[in-house]
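Before any questions on how it binds or moves, here is one chain, the form predicted alone, in C-alpha coordinates.
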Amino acid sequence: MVQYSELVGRSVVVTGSAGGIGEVAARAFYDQGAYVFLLDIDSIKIEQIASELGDRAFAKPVDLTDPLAVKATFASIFMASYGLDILINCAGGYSKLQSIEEMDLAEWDQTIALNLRSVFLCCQAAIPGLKKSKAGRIINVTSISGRTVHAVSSPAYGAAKAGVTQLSKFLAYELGPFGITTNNIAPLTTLTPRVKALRSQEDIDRIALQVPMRRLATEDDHVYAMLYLASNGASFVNGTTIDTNGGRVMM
(Lines give C-alpha, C1' and ligand atoms only; values in the text may rest on other atoms or scores of the structure.)
Protein backbone atom coordinates (compact mmCIF):
# COMPACT_ATOMS: atom_id res chain seq x y z
CA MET A 1 0.00 0.00 0.00
CA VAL A 2 1.23 3.50 -0.88
CA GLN A 3 2.27 5.49 2.18
CA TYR A 4 1.21 9.13 2.47
CA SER A 5 3.40 10.75 5.10
CA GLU A 6 1.11 13.77 5.33
CA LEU A 7 -1.64 11.57 6.83
CA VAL A 8 0.44 10.88 9.94
CA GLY A 9 -1.26 12.52 12.91
CA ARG A 10 -4.39 13.57 11.02
CA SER A 11 -7.77 12.90 12.57
CA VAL A 12 -10.14 10.71 10.55
CA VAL A 13 -13.78 9.80 11.17
CA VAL A 14 -15.06 6.70 9.36
CA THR A 15 -18.77 5.89 9.53
CA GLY A 16 -20.04 2.38 8.94
CA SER A 17 -16.72 1.06 10.19
CA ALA A 18 -17.98 -2.16 11.80
CA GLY A 19 -17.48 -4.04 8.54
CA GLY A 20 -17.06 -3.94 4.78
CA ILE A 21 -15.49 -0.90 3.09
CA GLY A 22 -15.72 1.18 6.27
CA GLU A 23 -13.72 -1.28 8.35
CA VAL A 24 -11.03 -1.64 5.69
CA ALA A 25 -10.85 2.17 5.37
CA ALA A 26 -10.46 2.59 9.13
CA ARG A 27 -7.65 0.04 9.22
CA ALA A 28 -5.91 1.61 6.22
CA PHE A 29 -5.93 5.14 7.63
CA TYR A 30 -4.71 3.82 10.97
CA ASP A 31 -1.83 2.14 9.15
CA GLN A 32 -1.02 5.52 7.60
CA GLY A 33 -0.46 6.92 11.10
CA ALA A 34 -3.78 8.74 11.53
CA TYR A 35 -6.02 8.99 14.57
CA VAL A 36 -9.16 7.08 13.62
CA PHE A 37 -12.66 7.40 15.09
CA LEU A 38 -14.89 4.45 14.23
CA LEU A 39 -18.60 5.32 14.09
CA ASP A 40 -21.21 2.59 13.82
CA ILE A 41 -24.32 1.32 15.58
CA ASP A 42 -22.57 -2.02 16.18
CA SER A 43 -20.77 -1.13 19.39
CA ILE A 44 -19.31 -4.58 19.99
CA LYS A 45 -17.65 -4.80 16.58
CA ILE A 46 -16.11 -1.32 16.54
CA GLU A 47 -14.84 -1.74 20.10
CA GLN A 48 -13.16 -4.94 18.95
CA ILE A 49 -11.62 -3.28 15.89
CA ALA A 50 -10.40 -0.28 17.88
CA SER A 51 -8.82 -2.60 20.42
CA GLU A 52 -7.07 -4.55 17.66
CA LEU A 53 -5.74 -1.37 16.04
CA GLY A 54 -4.27 0.36 19.09
CA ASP A 55 -4.16 3.61 20.99
CA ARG A 56 -4.89 5.87 18.00
CA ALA A 57 -8.27 4.21 17.35
CA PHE A 58 -11.46 5.18 19.17
CA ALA A 59 -14.85 3.46 19.00
CA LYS A 60 -17.87 5.78 18.95
CA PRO A 61 -21.13 3.77 18.93
CA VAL A 62 -23.91 5.86 17.41
CA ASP A 63 -27.13 5.65 15.43
CA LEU A 64 -26.09 7.69 12.41
CA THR A 65 -29.70 8.52 11.52
CA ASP A 66 -30.32 10.19 14.91
CA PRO A 67 -29.49 13.93 14.72
CA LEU A 68 -28.98 14.44 18.45
CA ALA A 69 -26.76 11.38 18.75
CA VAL A 70 -24.68 12.43 15.75
CA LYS A 71 -24.17 15.96 17.11
CA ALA A 72 -23.16 14.62 20.52
CA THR A 73 -20.70 12.17 18.95
CA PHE A 74 -18.95 14.81 16.89
CA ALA A 75 -18.88 17.18 19.88
CA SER A 76 -17.06 14.48 21.85
CA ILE A 77 -14.58 14.04 18.99
CA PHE A 78 -13.86 17.77 18.90
CA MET A 79 -13.28 17.73 22.66
CA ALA A 80 -10.70 14.96 22.32
CA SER A 81 -8.18 17.62 21.17
CA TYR A 82 -7.29 15.72 17.98
CA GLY A 83 -9.48 17.99 15.85
CA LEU A 84 -11.00 16.70 12.63
CA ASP A 85 -9.30 16.58 9.25
CA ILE A 86 -11.08 13.88 7.26
CA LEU A 87 -14.66 12.59 7.26
CA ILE A 88 -15.37 9.38 5.38
CA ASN A 89 -19.03 8.39 5.08
CA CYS A 90 -19.19 4.66 4.41
CA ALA A 91 -22.39 3.77 6.29
CA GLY A 92 -25.13 2.49 4.03
CA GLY A 93 -26.75 -0.50 2.41
CA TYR A 94 -30.21 -2.01 2.15
CA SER A 95 -31.90 -5.07 3.55
CA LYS A 96 -34.14 -6.24 0.69
CA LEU A 97 -33.89 -6.59 -3.08
CA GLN A 98 -37.32 -5.31 -4.09
CA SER A 99 -38.76 -3.63 -7.17
CA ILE A 100 -40.49 -0.25 -6.89
CA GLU A 101 -43.84 -1.99 -7.26
CA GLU A 102 -43.29 -4.36 -4.36
CA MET A 103 -41.26 -2.12 -2.05
CA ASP A 104 -42.93 -1.23 1.24
CA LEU A 105 -42.64 2.27 2.65
CA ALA A 106 -40.74 1.15 5.74
CA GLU A 107 -37.95 -0.32 3.58
CA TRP A 108 -37.84 2.86 1.46
CA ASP A 109 -37.64 5.16 4.50
CA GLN A 110 -35.04 3.02 6.27
CA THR A 111 -32.82 2.84 3.19
CA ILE A 112 -33.03 6.58 2.51
CA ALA A 113 -32.27 7.34 6.16
CA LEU A 114 -29.24 5.06 6.33
CA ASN A 115 -27.72 6.11 3.01
CA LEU A 116 -28.63 9.80 2.62
CA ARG A 117 -29.88 11.22 5.92
CA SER A 118 -26.84 9.85 7.76
CA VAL A 119 -24.44 11.51 5.31
CA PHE A 120 -26.20 14.87 5.66
CA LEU A 121 -26.18 14.66 9.46
CA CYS A 122 -22.51 13.68 9.69
CA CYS A 123 -21.34 16.29 7.18
CA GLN A 124 -23.33 19.02 8.92
CA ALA A 125 -21.94 18.04 12.33
CA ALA A 126 -18.38 17.78 11.01
CA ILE A 127 -18.21 21.18 9.30
CA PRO A 128 -17.16 23.25 12.36
CA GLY A 129 -14.24 20.91 13.00
CA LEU A 130 -13.23 20.66 9.35
CA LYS A 131 -13.10 24.46 9.05
CA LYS A 132 -10.30 24.47 11.64
CA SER A 133 -8.26 21.93 9.67
CA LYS A 134 -5.51 22.89 7.25
CA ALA A 135 -6.43 19.97 5.01
CA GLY A 136 -10.16 19.34 5.42
CA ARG A 137 -11.60 16.46 3.42
CA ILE A 138 -15.04 14.88 3.03
CA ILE A 139 -15.15 11.58 1.17
CA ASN A 140 -18.59 10.11 0.59
CA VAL A 141 -19.18 6.56 -0.59
CA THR A 142 -21.93 6.52 -3.20
CA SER A 143 -22.47 3.63 -5.62
CA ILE A 144 -22.67 2.63 -9.23
CA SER A 145 -26.38 2.24 -8.42
CA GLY A 146 -26.57 6.01 -7.95
CA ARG A 147 -24.89 6.62 -11.31
CA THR A 148 -26.91 4.27 -13.53
CA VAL A 149 -29.29 1.31 -13.44
CA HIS A 150 -26.72 -1.41 -14.02
CA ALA A 151 -28.10 -4.56 -12.40
CA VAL A 152 -30.74 -5.80 -10.02
CA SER A 153 -30.49 -3.42 -7.08
CA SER A 154 -32.66 -1.53 -4.62
CA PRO A 155 -34.41 1.52 -6.15
CA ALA A 156 -34.33 3.21 -2.74
CA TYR A 157 -30.60 2.57 -2.45
CA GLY A 158 -29.92 3.95 -5.92
CA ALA A 159 -32.04 7.03 -5.28
CA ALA A 160 -30.29 7.68 -1.96
CA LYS A 161 -26.83 7.31 -3.47
CA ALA A 162 -27.72 9.66 -6.32
CA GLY A 163 -28.79 12.11 -3.63
CA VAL A 164 -25.42 11.78 -1.91
CA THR A 165 -23.68 12.63 -5.19
CA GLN A 166 -25.63 15.87 -5.51
CA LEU A 167 -25.24 16.68 -1.81
CA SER A 168 -21.48 16.34 -2.26
CA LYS A 169 -21.53 18.93 -5.03
CA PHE A 170 -23.29 21.41 -2.75
CA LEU A 171 -20.75 20.69 -0.02
CA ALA A 172 -17.87 21.16 -2.47
CA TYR A 173 -19.29 24.51 -3.54
CA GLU A 174 -20.06 25.79 -0.04
CA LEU A 175 -16.93 24.53 1.72
CA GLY A 176 -14.37 25.11 -1.02
CA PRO A 177 -13.66 28.67 0.17
CA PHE A 178 -12.54 27.18 3.51
CA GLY A 179 -10.05 24.85 1.82
CA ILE A 180 -12.26 21.80 2.38
CA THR A 181 -12.73 19.40 -0.52
CA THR A 182 -15.68 17.04 -0.95
CA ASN A 183 -15.56 14.09 -3.32
CA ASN A 184 -17.24 10.73 -3.88
CA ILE A 185 -16.13 7.17 -4.38
CA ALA A 186 -18.70 5.24 -6.44
CA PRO A 187 -18.07 1.50 -6.00
CA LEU A 188 -19.20 -1.37 -8.14
CA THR A 189 -20.80 -4.27 -6.31
CA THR A 190 -18.11 -5.17 -3.76
CA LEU A 191 -17.56 -8.59 -2.24
CA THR A 192 -18.26 -7.52 1.33
CA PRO A 193 -19.90 -9.93 3.81
CA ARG A 194 -23.21 -8.06 3.36
CA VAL A 195 -23.17 -8.50 -0.42
CA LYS A 196 -22.26 -12.18 -0.13
CA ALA A 197 -25.27 -12.66 2.14
CA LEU A 198 -27.66 -10.78 -0.16
CA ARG A 199 -26.60 -12.22 -3.52
CA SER A 200 -26.25 -15.74 -4.90
CA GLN A 201 -23.03 -16.95 -6.49
CA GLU A 202 -24.85 -17.03 -9.81
CA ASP A 203 -25.75 -13.36 -9.39
CA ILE A 204 -22.16 -12.47 -8.47
CA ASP A 205 -20.80 -14.31 -11.51
CA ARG A 206 -23.33 -12.60 -13.78
CA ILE A 207 -22.33 -9.11 -12.58
CA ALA A 208 -18.61 -9.94 -12.90
CA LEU A 209 -19.07 -10.89 -16.56
CA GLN A 210 -20.39 -7.37 -17.23
CA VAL A 211 -17.17 -5.78 -15.95
CA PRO A 212 -14.26 -5.34 -18.38
CA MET A 213 -11.90 -6.45 -15.58
CA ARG A 214 -14.04 -9.63 -15.23
CA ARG A 215 -14.29 -9.42 -11.46
CA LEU A 216 -16.18 -7.63 -8.74
CA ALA A 217 -14.49 -5.05 -6.57
CA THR A 218 -12.70 -5.62 -3.29
CA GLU A 219 -12.73 -3.17 -0.40
CA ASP A 220 -9.12 -2.22 -1.14
CA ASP A 221 -10.05 -1.03 -4.64
CA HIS A 222 -12.07 1.78 -3.06
CA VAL A 223 -9.84 2.47 -0.08
CA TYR A 224 -6.82 3.18 -2.30
CA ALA A 225 -8.87 5.92 -3.98
CA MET A 226 -9.88 7.30 -0.57
CA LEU A 227 -6.26 7.54 0.53
CA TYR A 228 -5.45 9.52 -2.61
CA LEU A 229 -8.37 11.91 -2.07
CA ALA A 230 -7.23 12.47 1.51
CA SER A 231 -3.64 13.18 0.45
CA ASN A 232 -2.02 16.50 -0.39
CA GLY A 233 -1.88 15.39 -4.01
CA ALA A 234 -5.68 15.74 -4.25
CA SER A 235 -5.89 19.21 -2.69
CA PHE A 236 -7.43 20.67 -5.88
CA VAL A 237 -9.77 17.77 -6.62
CA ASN A 238 -13.21 18.94 -5.52
CA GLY A 239 -16.81 18.04 -6.29
CA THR A 240 -16.01 14.98 -8.35
CA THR A 241 -16.77 11.27 -8.30
CA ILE A 242 -14.20 8.53 -8.77
CA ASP A 243 -15.92 5.54 -10.32
CA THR A 244 -14.13 2.52 -8.87
CA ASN A 245 -16.10 0.08 -11.00
CA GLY A 246 -13.52 -1.62 -13.24
CA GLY A 247 -14.94 0.11 -16.31
CA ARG A 248 -18.46 -1.28 -15.89
CA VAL A 249 -19.83 2.25 -16.35
CA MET A 250 -17.73 4.96 -17.99
CA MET A 251 -18.97 8.52 -17.47
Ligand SMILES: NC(=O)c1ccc[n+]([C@@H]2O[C@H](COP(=O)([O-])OP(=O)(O)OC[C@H]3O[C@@H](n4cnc5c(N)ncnc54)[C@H](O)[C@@H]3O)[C@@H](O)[C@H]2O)c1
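The numbering used is simple: start at 1 and walk along the sequence shown. Keep in mind that this is a model prediction, so the values were computed, not measured.
We do not show the form predicted in complex with the ligand, though everything after this point is about it.
- With respect to the ligand in the predicted bound form, the three residues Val12, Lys132 and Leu175 uniformly fall beyond 4.5 angstroms at the level of their nearest heavy atom.
- With the partner omitted here, the stretch from 112 to 120, 175 to 183, 75 to 83, 99 to 107 that lies within 4.5 Å of the ligand by heavy atoms in the predicted bound form is 112 to 120.
- For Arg215, no non-hydrogen atom is located within 4.5 Å of the ligand in the predicted bound form, even though that partner is not displayed.
- The ligand in the predicted bound form comes within 4.5 Å of a heavy atom belonging to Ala91.
- Heavy atoms of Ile41 reach within 4.5 Å of the ligand in the predicted bound form, making it an interface residue.
- Remark: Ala28 does not count among the residues lining the ligand in the predicted bound form, judged by a heavy atom distance of 4.5 Å or less.
- Of the listed positions (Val211, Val195, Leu53, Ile204), a single one reaches within 4.5 angstroms of the ligand by any non-hydrogen atom in the predicted bound form, namely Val195.
- For the stretch 42 to 64, the set of residues having any non-hydrogen atom within 4.5 angstroms of the ligand in the predicted bound form comprises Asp42, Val62, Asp63, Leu64, in sequence order.
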